[in-house]
Every structure is written in structure tokens, then in C-alpha cells.
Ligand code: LLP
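Below sits a lone chain in C-alpha cells, taken as the form predicted alone.
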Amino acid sequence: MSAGRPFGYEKDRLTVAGVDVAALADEFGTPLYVYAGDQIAERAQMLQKAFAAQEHTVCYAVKANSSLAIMKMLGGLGCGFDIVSGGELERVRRAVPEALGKVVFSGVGKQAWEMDAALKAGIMLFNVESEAELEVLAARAQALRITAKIALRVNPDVFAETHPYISTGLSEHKFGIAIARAREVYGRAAKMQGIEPAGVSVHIGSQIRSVEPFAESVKRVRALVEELRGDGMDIRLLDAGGGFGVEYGNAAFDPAARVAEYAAALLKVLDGAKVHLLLEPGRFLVAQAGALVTRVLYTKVNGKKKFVITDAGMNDLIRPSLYQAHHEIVPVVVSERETEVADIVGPVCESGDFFAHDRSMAEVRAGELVALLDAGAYGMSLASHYNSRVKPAEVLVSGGVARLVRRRETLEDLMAGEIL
């Protein structure tokens, strides 16, 4: 297993923070998400320390993993939150109500009721993504007699090498407003009742492992900030977005070195800028801190193909199917068996229900446990009820103590909202 992961072996048994993973599976059942709370906290503090010389707020991207327990823990460390829906706003309200004033609301399709809820909650900033949205927000702010502090999410047209589904910074994407038009739109916004231009926002994509695109996009945004200040606007906030990547394979990964490199690049560009920097790490905080533990149901051979069929499916972890994402798959209890090549698949009735094709790993048998590593981000948050399957339980391990933070759904939960 690569450096940076909290999961490791003790006497041939997979553990996290000294807690036996097989014992957790026996107690709470499978499929089961297990999170290392200590690592999540460590990563948040790593970023806070790296940017200590710059006024800043780390706003956790809730979409990465919306566990109330994880959000509460991060709120206790002084983090704010980056949200993209009214539902995520309600999660902040329930988990960390004192952090509502440190919420940034992004997303291309904000609805009027979501705007109203955010205005009443007193959030820090709306990241506005279109002129049409700006008009609706102004109308809602006027109706409620509340001023909306806004940033335009500008599209810097900076290329970042990542999966096309999670790239967001080019002119061909649905996100943001072209940076060339931003000054004109800010001029309109400054004249609107109920609207206060307070910042500029940028986000170029997710799972980006090079710092250069981040530095280039922030450089372009800083130039815009200076122009807007020259136009008489009090621009105080610069939202540099998120997208800071991790390693999913066995490649070496030094999170502290990556953060230091990232911070150095941004701080160099922002030297003397006199802005409050907003950072929106989601994946970096939680991805490597999570694993999906699943039990092998059956093994079978079709022709030359061997299949390992688990009780977790694409409804529990869709990243391999959706993004062709790689997750290391390891036995929870190590055996001395020979290595084999197999497809690791789930029980969902789709050929796309797979975790790995032609994966080389030690032979596993029915009834045994395997863990899919680096599943803490965009795992449970993308889980669905497809095939009428209930969602997994979640366990958070902190300080060597494991606690259930989401119970496994029941069939009653599954159909609770339906009407015959």
C-alpha cells in the first residue's frame, strides 16, 4: 500500500488506526464504509498550517463526502463549507450551525428556494455562475431585504489534465462566466439592489496533481481583482476552488510535500494581494481516509475469465464504472495463496457493475473480505438505490475508537417515501 493511506497490516490483518477491519465488518455488516477520522483532521490542519501566512478559510467541499459526523469534526477544526445545493446547506445547519457564516454556495443551477434558505442562513458568499442566476438572486435578495454577497465564478480557460467529466475550467464547459466578460458583468452586479460584489471565484476541475494550472488560474483571477478594485469595488475574497488531487494507485504520495508545493505556488502569485483566500479541498481531505469493505459472495469462471462477485456493487461505489477510476483492492486477511487474475464485480444487473477488470491479486474465496481503498471521496456521496439496494453503513474511526455514524438502511427506509 502506498504512503499516505491510514490502512495497513498488523499480523496479516488489515487495520485502521489500530482497529481491526474484519472485526468492524463482523459487527456492522457489509458493504461497509470505514473512515479514518484522524487522517481527515490531519489533512485539514496541514492545509491550514501551510497557508498560515495568508488570511484564509478552508471550506470543505461537502459533495466529496457529506457525512454529518465528518462535517462536524471539520467544523470543530475551524473549517467552512463549500456547498452546491440546498440539501448540503441543511447538512451544514444540522452538523455545524455555527459555521453557516463560512459557507460558499456554488453550482450552476441554484433554485429560488435554495437561494432563500442561504440568504436567511447568512452565508458568506454566493459563487454566481451566470447572468441569469444573478438576476434571480437579486430578486430574491430584494424580496427578503437581505444583501447577497457574491463572487462571479470566472472561467479562466486554463487546461488541467484530468478526466473530462471532472474538468471545469475551459470555455466549452457549463461552469462559470468567461473571464473576458467578467468585468462587464461585475459592473452590472454593482448596480443591482440586494447584490454586493465581494469576491472572485475560480474552479478548474478535480483530481489535478500538478500545481501549475492552479497557479495560472489564480494569477488571472488576481489580475481581475485588481481591475475591479480600480473600478471602485471592494473585492475582499478570492476563492481558488478545489480539485487538489491524490494518488489512487501504488505510486508514492507525500501529502505534506504536495501541500507545501501547492501553497508555495499560490502564495507566490498572491504576494501582496490583500485578499482573504478561500480553499475548497474535498477529495484531498477524505479520499485516502476511506475504504469500502465488502464480502465475497461467489467466484466463477466463464471461459478464460475468472470473476470475484462481492456484496458491494456500482450503486455503492460508482467511480470505476463512471470514471474508469482505479481503486486498490486488498484482502482484509492476508492468505498464502497464489496470485490470480480476475474481474472484481458486484451483484447489480449491469455489465458496467465492476470494480476492476483483469486485476492481479491473491486468490480470494467466498465468505472472505476485501477492501477497496481510497473510497472516502465520491463513494457514499454518489451511492444510489439502483436495483432497489439499500445503502451501506458508515463507521468513523478516531483515536482508536470506532463508532457507527450512519446505520445500514432497511427495506422500510428504501420505500418510505413511496405512495401506493
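This structure is a prediction, so every number in the text was calculated from the model and none was measured. Note that residue numbering begins at 1 and tracks the sequence as displayed.
Not pictured, yet referred to below: the form predicted in complex with this ligand.
Note on the partner interface in the predicted complex: the residue among 346, 243, 176, 197 having a heavy atom within 4.5 angstroms of this ligand is 243. This chain is drawn without this ligand; in the predicted complex, the residue among 80, 313, 282, 156 with a heavy atom within 4.5 Å of it is 282. Taking the partner from elsewhere, residue 298 is found to have every heavy atom lying beyond 4.5 Å of this ligand in the predicted complex. Shown alone here, residue 307 lies farther than 4.5 Å from this ligand in the predicted complex, counting heavy atoms only. Within this chain, residue 378 lines the site of this ligand in the predicted complex, having a heavy atom no more than 4.5 Å away. A residue is said to contact a partner when one of its heavy atoms sits within 4.5 Å of a partner heavy atom; residue 382 meets this definition for this ligand in the predicted complex.
With the partner omitted here, the stretch from 144 to 152, 198 to 206, 299 to 307, 269 to 277 that lies within 4.5 Å of this ligand by heavy atoms in the predicted complex is 198 to 206.
Contacts between 307 to 325 and this ligand, taken as any heavy atom within 4.5 Å in the predicted complex, involve 319, 323.
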